[in-house]
Each structure stands twice: as C-alpha cells, then as structure tokens.
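Next up: just one chain, as structure tokens, the form predicted on its own.
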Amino acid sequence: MAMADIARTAAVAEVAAPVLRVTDLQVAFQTPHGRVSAVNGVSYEIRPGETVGILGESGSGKSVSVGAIMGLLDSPPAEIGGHVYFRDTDLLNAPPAETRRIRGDRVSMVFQDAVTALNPGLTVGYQISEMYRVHRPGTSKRDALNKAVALMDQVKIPSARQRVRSYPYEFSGGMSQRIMIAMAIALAPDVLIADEPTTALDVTVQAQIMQLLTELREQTGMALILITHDIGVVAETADRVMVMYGGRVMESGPTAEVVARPAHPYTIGLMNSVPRAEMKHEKLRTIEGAPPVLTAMPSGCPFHPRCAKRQPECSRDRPSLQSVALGRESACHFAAEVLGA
C-alpha cells in the first residue's frame, strides 16, 4: 500500500469516532518465579477503516495485550486492569453476556498459527459456518454452509464449493490462514485483530495475506489491529504504529513519520536490523543484548541496558510517554535529541 494511500486512509479515519479505545491496560501474572508485569499502561484507539500496527520483539507484550481485549486470558492467573471500550461498552467490566456478544462478533481475531488453530477433525466449511450457528441463531445449516462458500470465495480460495467439505490438513499454510481470515470476517466485524498473521509463511504468501487483509479492510471499512515484529509489514500496511518493549509503549505515531524519523533508540534499532538490498556485503546489524526478563525488569528505562545512547538518568528514572510532535509520543529522556538526529 502506497504511503499516499495510507495518509488518505488516516485522514478519513480521523473524522470518525474511535471504534475501540484502550486506556491504561495492565496485565500481570502470578508465577512460581514471582509476579510478571506483561503489559504496563498501554493506551491507544482505532477508528473505522484504520490500521494500527503494534510492533515489537517477542515478549514485548503485544499478544498479551490483545489477549486481554479478546478475553482469552484466564483470571487467575492473569490480573487485568484498565479499560477497553468497544464504542461505549467496557469489555473488561461489562456483564459477561454483553462481552460475549461483542467478542467474536463485533471484534474478531486472526491467530498466528492457523494450522494449530483449526480443528483437524472438522471440515473447514463446518468451522466457518459455526460462526453463524453460534452468533446468528436461526441460521439454517444450508444457509450457513452457503455463507461459508461465499467467504472462501471472498478470501480467494480456489474451487470453494468443492473444498468447503475438505479438512484442514488438505490445505497449505497460506490457504489455512485464509480459512482463519474467512472465519474472522464471517460476521462483518467492526474491528479485526491480526496476531502475527504471516508467521511461518514464505515471503510470497506473506505478501498475499497482507494484501488480502488490506483489501478486506478497504471493502468493509473495518478497523485492523496488526500485531507483528516485522517493521517492513507495518511500514507497508499501517496508518499508525505503536512500538512496544518490556510491556510498555516506547513510541507511537503516524507510521510514515515514525519510519522516516524515529523518536526512540529502540525504534532506530529495529529499523537498522532490517535487511536491505544495498547491504549485500555488510553484516546484518542487530540490537545488542537480549529483551528483559519480566520477573527482573531493569530499573529506569527498560531498554537502557541495550541502548547505545544511554545516560546515567536512564537507569534511575523510568521515562513516561511524552508528546514530541503532533500526534507523536516517545518514552525516552532524550526523545527530542533522537528525533532531531
């Protein structure tokens, strides 16, 4: 998707009211090794037709944060705080019957490993049509199966009418992911969460899946939350990006601006670690060290042990998110200097 198209989409989305608002989301787990704070004060919002990318390494809290939104975390051991508003309904505090009506219907999710997410003992048509049987009581088996065929056509599965009675093992990884997407969009959700939707797929299939998600968003006007560790996918797809590390938001803002002029050293590290054609004979640059152990988080900025720009105050004081430009925030003591570098 061209940057100009992303900018136009963002401008249109800015006019509409947010369809989903996450405010001070916190998730912790009690473990035999101590209390683990997996998500710490995450806040963002998304409007119809907009794509927000949540970017970060494994263990940064990306998937846990959307797991809390979708009610996928058992409590206990999870301790969840904050607010998640779908329109005017707080999904973390509303009656269970109301949240069940919204989750899976108005807010849906594509999981990262379609091969294990699909039930191997049921046909794909049965699994897609189940969405109608559960959320649209009164839908006949025939109508539900016909809708499943139509959805398989929509996500570009060849010979959908013949393959609707096939089992998951009869599909490739890319086709299995298309089945998962068909299930997720079956009820025309207002918000679709895609958690690492291209994991374990080859580069060509990755591009096809991302193109499909983009087309579906444009056709339906749904909002798309994209969870990924791939900054290239975010740059090509998302209107806005939120960079997470150690359970916290390090930086957020319009994707084009964040990619062009990062305001946090961690974002710079992610950018530098992306292979480029001009680096043919150069060693791939990496971020030194390893992500923090969540049971023993460093003091101050969680990124400071790996940061090339760290100063003494970085290990003492934990920086909060501060505005560094219109629509942009960074949790770095030296954000202005980083942005101007």
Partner chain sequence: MISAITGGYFARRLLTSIIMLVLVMSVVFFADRQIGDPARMVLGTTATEDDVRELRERMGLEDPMWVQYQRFIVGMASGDMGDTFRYGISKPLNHGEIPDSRKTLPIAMDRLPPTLLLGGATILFSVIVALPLGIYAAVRPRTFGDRMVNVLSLAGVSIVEYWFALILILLFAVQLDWLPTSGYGTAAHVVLPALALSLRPIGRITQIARSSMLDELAKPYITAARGRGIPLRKIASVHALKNAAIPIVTTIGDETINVVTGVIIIETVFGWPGIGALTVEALAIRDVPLIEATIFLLVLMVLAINLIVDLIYTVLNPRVRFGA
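What you see is a predicted model; the values in this text were computed from it and never measured. Positions refer to the first chain, counted from 1.
If you look for the form predicted together with its partner chain, you will not find it shown, but the lines that follow are about it.
- Annotated contact segment (heavy atom within 4.5 Å of its partner chain in the model of the complex): 63-71, selected among 24-32, 283-291, 296-304, 63-71.
- Note on contacts: among P137, P120, P158, P95, the single residue with a heavy atom within 4.5 Å of its partner chain in the model of the complex is P120.
- With the partner removed from view, the residue among V258, V249, M183, V84 that has a non-hydrogen atom within 4.5 Å of its partner chain in the model of the complex turns out to be M183.
- The closest heavy atom approach of E130 to its partner chain in the model of the complex falls within 4.5 Å.
- At the 4.5 Å threshold, heavy atoms of G269 stay clear of its partner chain in the model of the complex, well away from it.
- At a distance threshold of 4.5 angstroms between non-hydrogen atoms, R103 is in contact with its partner chain in the model of the complex.
- Proximity of Q211 to its partner chain in the model of the complex: non-hydrogen atoms within 4.5 Å are absent; the residue sits far from the partner.
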